[in-house]
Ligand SMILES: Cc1ncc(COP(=O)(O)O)c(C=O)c1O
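What follows is a single chain, given as structure tokens, in the form predicted on its own.
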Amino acid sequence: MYKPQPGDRLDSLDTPSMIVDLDLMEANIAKLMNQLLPTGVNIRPHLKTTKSPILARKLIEAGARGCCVAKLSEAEVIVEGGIEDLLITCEIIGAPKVARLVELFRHHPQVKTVIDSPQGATAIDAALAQAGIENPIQVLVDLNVGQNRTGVTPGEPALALARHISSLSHLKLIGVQGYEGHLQHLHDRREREEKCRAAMTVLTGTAGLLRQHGFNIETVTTGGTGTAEFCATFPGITEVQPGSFIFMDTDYRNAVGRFFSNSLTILATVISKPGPGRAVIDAGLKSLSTDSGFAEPKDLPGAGYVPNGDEHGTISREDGPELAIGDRVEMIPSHIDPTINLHDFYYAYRKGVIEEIWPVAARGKVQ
């Protein structure tokens, strides 16, 4: 059975395969670092996109300081890959998760998490005490800055939560987090910037309120690929969390433009020709996510794609050369994070030759 190896050409890959243009990916990383590092903020990339300690190391080598993960199970995988400075950006709730957090923190004390309720804070504190762990875990108050997902209400409710956290001996409050996820894909740049700055005013205002009441708020973390450039220049922001910039997708490209390139595609093969202007490829729902719309054929102007079940998708094109059975097509995902979660490996190439193969180590880590 053929097993791809570095040095093989892309045309030797079976399909569907997830491929990464290293020249474009490296340019994306360099663009972000050149844009944001001069501001002085900490860049803490979010690994819910890449799900890979290998790529985390590449980002840290380029200038990032630590990384984010969404889930505890992602953190467990990433620390095993040697990345210690991690922020878990979703609340840890429920006895099974809290027990796992305690064990993770026992061996990896740089792991941090967020809190948005007294119940969550109390449960973690009690579990750490019961486990005999004396060193407190660093936590951040998760603030609702407009997304209306998780996060405590700004102002006095956040202050009350901070006071509760400070009463617990096994938690150390170091900062606040506020993710303006509802703004990431706004197409109008001026509107996106104005609404982002309004959210940052709320975030930094609450950080200031906590400081006024004696809390040592060192970290104010926020931002994604669509807003990081605005967040990084807002007074009082210390850290940003962009993730998708490394690969991009059509949803982000349509919203924020082409400053970053679509460096990741899904390589597919035409397996059937049901009629003129139509070609069926071997990439359907099990290869390309659809929550943000359908994927887009690369370098086929005027072509559209629709999934036709788990294993099939149809490319339709009124003008231009006909695709033939056996042709290879690259598909640009509409939403990069869930698409990556459908695949086992990245095949990273340069000029048509595979240089590296990276496992999607945190694939399926949703707990």
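Keep in mind the model is a prediction, meaning the values are calculated, not measured. The numbering used is simple: start at 1 and walk along the sequence shown.
Form predicted together with this ligand: not shown, discussed below.
In the model of the complex, no heavy atom of Phe247 sits within 4.5 Å of this ligand. Remark: Lys51 does not count among the residues lining this ligand in the model of the complex, judged by a heavy atom distance of 4.5 Å or less.
Contact between Phe105 and this ligand in the model of the complex is not found at the 4.5 Å heavy atom cutoff.
Although the partner is absent here, Gly243 is a contact residue: one of its heavy atoms lies within 4.5 angstroms of this ligand in the model of the complex. Exactly one listed residue, out of Gly151, Pro297, Gly120, Gly224, brings a non-hydrogen atom to within 4.5 Å of this ligand in the model of the complex: Gly224.
Exactly one of the stretches 312 to 320, 338 to 346, 325 to 333, 41 to 49 approaches this ligand in the model of the complex with heavy atoms within 4.5 Å, and it is 41 to 49. Residues of 87 to 119 that come within 4.5 Å of this ligand in the model of the complex, judged by any heavy atom, reduce to Thr89 alone.
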